[in-house]
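Next comes just one chain, in structure tokens: the form predicted alone.
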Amino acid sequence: MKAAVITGVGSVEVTTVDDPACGPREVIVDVAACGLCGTDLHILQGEFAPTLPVVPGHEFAGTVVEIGSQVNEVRVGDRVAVDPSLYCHECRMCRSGKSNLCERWAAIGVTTSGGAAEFAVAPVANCVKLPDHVRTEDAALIEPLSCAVRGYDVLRTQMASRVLIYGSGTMGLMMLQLGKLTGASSIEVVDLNAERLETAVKLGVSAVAGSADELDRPEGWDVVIDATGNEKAIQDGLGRVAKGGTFLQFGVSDYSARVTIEPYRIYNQEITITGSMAVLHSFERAADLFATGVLDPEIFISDRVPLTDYAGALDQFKAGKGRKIQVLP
């Protein structure tokens, strides 16, 4: 089968690889669409994936074409979205209900072959069947949405919170959409990319700006979310948290990223700094939300390109052009 393969640091090619084999409790999925993500860029940089080469792609959906001998939850022909999370279920973190922090954490498309291919294998437990009205290609958005749901699980925000989001890429926009559902009194978005800010306006943001200095909020925000992973944005955002407020590190930074905190201010103003790692008990809920139309795929997906253009799609994503880019095997 054809697949995109990250062969080494900074190197990716579309080539022929062996067809996946199906274990007793696994299924093989004919991939309809696979979304690109910042994690894919990190893998390309030699981060996250423990070994290379690897077939990337952890945001995907498709049709089941083969099932293992002990699978009875789905049938051939079922359309599914796939949760890429792979946990050991044995370590201290897994046993305490924090499997997204698994000491042997793994993921389809990160540590094992993923959805940037014609076919992908997945545990049946990771497959969520799609309702008839959800288009298979669009359902690749469920995985990033499940990360956003996890982000709001961590925040446990109060009604009428004032929210500031750094970044209006796909994840920032998803945090915007979910923020409205949580009852935020205002949600403002900061980004240097004017085109992306236009999408935030279309989605009903309270205000947008190229810098938080342009927003009239001298007392700060109850909730500040970084969806960029950028050092400068994170540093600025930490200084924008109101007394008693929370800063959520949601964007994925480079391993080498560093910022400075003010311990006395954190103590004196009871500021919380926290993170949100991937998916935790949120994939099925994200699928339910997606089925209600919480996201408009025509707004969120800016480009659909053939798998053969995977390298070019990564370059486009890295350049910050468009929103969610999907490759179609």
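Position 1 is the first residue in the sequence shown; the rest follow in order. Small disclaimer: the values here were computed from a predicted structure and weren't measured.
The same protein has a further form, the form predicted together with another copy of the chain, not shown here; the description that follows concerns it.
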item	value
Contact stretch among 280-288, 297-305, 28-36, 61-69 - heavy atom within 4.5 Å of another copy of the chain in the model of the complex	280-288
Any non-hydrogen atom of I261 within 4.5 angstroms of another copy of the chain in the model of the complex	yes
A160, heavy atom within 4.5 angstroms of another copy of the chain in the model of the complex	yes
Contact flag, T228 vs another copy of the chain in the model of the complex, heavy atom cut 4.5 Å	no
S185, heavy atom within 4.5 angstroms of another copy of the chain in the model of the complex	yes
Heavy atom within 4.5 Å of another copy of the chain in the model of the complex - residue from P131, G204, G97, G239	G97
Among the candidates L197, A107, L101, V121, the residue which, in the model of the complex, approaches another copy of the chain to within 4.5 Å (heavy atoms)	L101
Another copy of the chain in the model of the complex - contacting residues of 143-164, heavy atom within 4.5 Å	V149, R150, Y152, D153, V154, R156, T157, Q158, M159, A160, R162
